[in-house]
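Have a look below at one chain only, the form predicted alone, in structure tokens format.
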Amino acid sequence: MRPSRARGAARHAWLFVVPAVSAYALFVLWPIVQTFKYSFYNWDGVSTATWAGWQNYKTVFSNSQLLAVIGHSFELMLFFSAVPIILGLAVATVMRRFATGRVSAVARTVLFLPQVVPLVAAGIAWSWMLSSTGAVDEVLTHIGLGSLAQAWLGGFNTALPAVGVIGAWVLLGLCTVLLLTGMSKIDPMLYEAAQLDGASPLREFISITLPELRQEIGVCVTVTVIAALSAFDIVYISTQGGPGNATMVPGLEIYELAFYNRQVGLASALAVVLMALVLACIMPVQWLTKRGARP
């Protein structure tokens, strides 16, 4: 291709890219820049903003309530990330070994259904099931564990784990399908060689399955960690941050600071800190995933 024709083709290609780039800049990059700007001001969203410098960030890192809110996100990581990935590995391994054909397709569909259900509907349904008269307490009563029955979302010690269970249920199917897809790409000859050497199923899992699933596990960790740090829908529908502030998370706290307390500057500072936490948690995972990527 001649240089002039190549340059013309490049210009035409950019014409197709411009709409997407413009939309991304307008609806993603510009709000981020504005949020960072507002974080240095005291502003109620209506009157004239006044310069606050780093005061809003100092408040985020010195206010015990805001620090507790950030801590709740890290607690949710155990449920949103660790539980779905560990259970997903177990379920995917069992399905790879024993479920084939139509059974596997049905199992994948059933497990993936929570991803299709709107989070609002999932939050409402689980709120009913975890109430003092819900399905969970009914089951506990019928199996002789009625002493454990309680309003799971209404207790200070049980509300956050209960929210975590909802998140784990939502993300389990996604992690399972991703991991199962990764397992389908592993060369069966590796397992055959391991079996000829007398390797046990556990040794096969540790020596073959886990190393070969590095990329898929990295994707699962990335998606679930982001879901834990940015949780809003499920918490807002199921507990609204209560009882007290037992389930208050940064996303909900930002919403209340900005639209109820009219502290837009402080809400913006917390949003910037949350974005930094997401990047700090995700970047090492991405680096490790790329470092061990399959050639």
Partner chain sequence: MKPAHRSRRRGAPAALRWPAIATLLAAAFATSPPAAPPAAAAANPASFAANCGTKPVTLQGYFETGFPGTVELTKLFTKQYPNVTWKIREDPFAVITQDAPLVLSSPNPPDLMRTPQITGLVKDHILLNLDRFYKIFGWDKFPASDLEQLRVDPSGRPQGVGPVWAMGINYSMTGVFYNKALAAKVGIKLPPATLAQLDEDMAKAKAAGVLPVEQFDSAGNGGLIFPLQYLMADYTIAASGSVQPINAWVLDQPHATIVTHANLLAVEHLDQWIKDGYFNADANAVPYSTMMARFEHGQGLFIFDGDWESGNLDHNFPGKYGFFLFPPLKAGGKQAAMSAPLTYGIPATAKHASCAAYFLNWVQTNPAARALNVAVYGSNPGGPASLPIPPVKPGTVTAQTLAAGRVIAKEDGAMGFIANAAGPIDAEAWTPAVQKLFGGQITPQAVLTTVQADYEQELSAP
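Residue numbers count along the first chain shown, from 1. Predicted, not measured: the structure shown is a model, and the values here were computed from it.
Unshown form predicted together with the partner chain; subsequent notes refer to it.
Colleague: Thinking of the partner chain in the predicted complex, which stretch from 77 to 85, 201 to 209, 148 to 156, 165 to 173 has heavy atoms inside 4.5 Å of it?
Modeller: Selected range: 148 to 156.
Colleague: Of the residues Y260, F27, W54, F61, which one places a heavy atom within 4.5 Å of the partner chain in the predicted complex?
Modeller: Of the candidates Y260, F27, W54, F61, Y260 is the one lying within 4.5 Å of the partner chain in the predicted complex.
Colleague: Is it the case that S132, even though its partner is missing from this view, gets within 4.5 Å of the partner chain in the predicted complex, heavy atoms only?
Modeller: Output for S132 is yes: heavy atoms within 4.5 Å of the partner chain.
Colleague: With a cut-off of 4.5 Å between heavy atoms, is A68 one of the residues that contacts the partner chain in the predicted complex?
Modeller: Heavy-atom contact with the partner chain at 4.5 Å: absent for A68.
Colleague: Does any heavy atom of N245 come within 4.5 Å of a heavy atom of the partner chain in the predicted complex?
Modeller: It does: once the partner chain is placed as it appears in the predicted complex, N245 has a heavy atom within 4.5 Å of it.
Colleague: Would D233 count as touching the partner chain in the predicted complex under a 4.5 Å heavy atom rule?
Modeller: Flag for D233 set to no.
Colleague: Could you list the residues in 23 to 55 that come within 4.5 Å of the partner chain in the predicted complex, counting only heavy atoms and keeping sequence order?
Modeller: Read in sequence order, the residues that approach the partner chain (within 4.5 Å, in the predicted complex) are L29, W30, V33, Q34, F36, K37, Y38, F40, Y41, W43, D44, G45, V46, S47, T48, A49, W51.
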